[in-house]
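Only one chain is given next, in structure tokens, and it is the form predicted on its own.
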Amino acid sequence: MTAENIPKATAKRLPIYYRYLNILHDTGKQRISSTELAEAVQVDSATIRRDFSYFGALGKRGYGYDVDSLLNFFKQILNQEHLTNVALIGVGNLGHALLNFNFHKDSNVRISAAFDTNETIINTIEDGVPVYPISELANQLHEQQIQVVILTVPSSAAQEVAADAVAGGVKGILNFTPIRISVPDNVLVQNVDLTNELQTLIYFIDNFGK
């Protein structure tokens, strides 16, 4: 089955499985059942078996899953064997936090370039990452062959900056702004609305957590 045929809900769970398999590998565990995995990642075992079934026979009835084999499989599926450079656009409070974090626990992803309009940080190194003027966005993305960007600019600038990023060859945007940006069909956008997520959490606590 090709990646295009994998349900989006399944695709979103794959990194969760991969992260926990890494933990199991580090502890020396050799095999795990779907029930044990379900308890650990808080996804029911039937869903896990269905997710895995899209990729063929990954386990054995009565044995479960071989941790190392499954880990290596997901490493290839998620392209974890190759370093992916991403760019951060907007070095404000959230941007600085992301630079400081810089995906230390996921060594295959690294913020390698940042962009901003603040003259005090342009052409400086912030947390080991060079900061370029926003006017050089499209050119630098193209020259550095960066295809994924993280957008943390003010809402008023989101659409214009996204268009510049697309002009630089970007294929994916992780959008932290509340604006739903418009991009060509061949560019993927993942929206991360922290306010919405927090309000949703509070709603569930108020209505179902008592």
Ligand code: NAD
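Residue numbers here begin at 1 and follow the sequence given. Under this definition, the rigid core comprises the largest set of C-alpha atoms superposing within 1.5 Å between the forms. This is a predicted model, so every value here is computed, not measured.
FYI, the form predicted together with the ligand isn't displayed, but the following is about it.
Select from the listed residues I134, L71, V86, I77 the one whose heavy atoms reach within 4.5 Å of the ligand in the predicted bound form. Flagged contact: I134.
Just to confirm, with a 4.5 Å cut-off on non-hydrogen atoms, which of N123, N108, N139, N118 contacts the ligand in the predicted bound form? The residue from N123, N108, N139, N118 that makes the contact is N118.
Would you confirm whether the three residues L37, D51 and Y54 all fall within 4.5 Å of the ligand in the predicted bound form, going by non-hydrogen atoms? So, no: the whole triplet misses the ligand.
Check whether I146 has any heavy atom within 4.5 Å of a heavy atom of the ligand in the predicted bound form, and answer yes or no. I146: no contact with the ligand in the predicted bound form.
Does any part of L94 reach within 4.5 Å of the ligand in the predicted bound form? Heavy atoms only, please. Looking in the predicted bound form, residue contacts with the ligand include L94, since a heavy atom lies within 4.5 Å.
Hey, in the predicted bound form, does A163 get a heavy atom within 4.5 angstroms of the ligand? Flag for A163 set to no.
Indicate whether S155 is a 4.5 Å heavy atom neighbour of the ligand in the predicted bound form. Within the cut-off, so yes.
Just one of 155-163, 41-49, 181-189, 25-33 has heavy atoms within 4.5 Å of the ligand in the predicted bound form; which? Every other range fails; the passing one is 155-163.
Going through 168-182 from first to last, which residues have a non-hydrogen atom within 4.5 Å of the ligand in the predicted bound form? Heavy-atom contacts to the ligand in the predicted bound form: F176, T177, P178.
When the rigid core is used for the superposition, does L194 move between the shown form and the other one (threshold: C-alpha shift of 2 Å or more)? Yes, shifts by 2 Å or more.
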